[in-house]
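First, one chain by itself in structure tokens, the form predicted alone.
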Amino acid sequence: MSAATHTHDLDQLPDQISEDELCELAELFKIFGDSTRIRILFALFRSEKNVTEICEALEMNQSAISHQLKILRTSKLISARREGKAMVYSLADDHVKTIIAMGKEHIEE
């Protein structure tokens, strides 16, 4: 993404942001501050997965993954649906994909 595109994106932001919005934004970015949560989001980037598949992809135990999934669901970054006895997880929406993609692009510059 070019600098001109970034400047255009900034033009879309409001001139003022409330204290509540600042706090909510800070909380959102805190969620991205944990490498396990980022790994889970990357695992879900291309396709939905159940807990077992996430555990296998990350080579971690179910207890640790389930704890992080709860945080990601509470933060509305992932969604879940029941499929039989299993819960299947996916990224909540395209905004999450955009945040991940832009973060990866930023660190690669």
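These numbers come from a predicted model, not from an experiment. The first residue of the sequence shown is number 1, and the count goes up from there.
The following text describes the form predicted in complex with the DNA, which does not appear among the structures shown.
Colleague: Is there a heavy atom of L22 lying 4.5 Å or less from a heavy atom of the DNA in the predicted complex?
Modeller: Judged by the heavy-atom cut-off of 4.5 Å, L22 is well away from the DNA in the predicted complex.
Colleague: Indicate whether the DNA has at least one heavy atom within 4.5 Å of a heavy atom of T52 in the predicted complex.
Modeller: So T52 counts as contacting the DNA.
Colleague: Please run the contact check for A86 against the DNA in the predicted complex: heavy atoms, 4.5 angstroms, yes or no?
Modeller: Yes - in the predicted complex, heavy atoms of A86 and the DNA come within 4.5 Å of each other.
Colleague: Give a yes or no for K76: in the predicted complex, does one of its heavy atoms lie within 4.5 Å of a heavy atom belonging to the DNA?
Modeller: No.
Colleague: Check for me: heavy atom within 4.5 Å of the DNA in the predicted complex, for each of A43, S47 and H106, yes or no.
Modeller: Not one of the three qualifies.
Colleague: Going by the DNA in the predicted complex, which residues of 51-66 come within 4.5 Å of it through any heavy atom?
Modeller: If the 4.5 Å heavy-atom criterion is applied to the DNA in the predicted complex, 51-66 yields V51, T52, M60, N61, Q62, S63, A64, S66.
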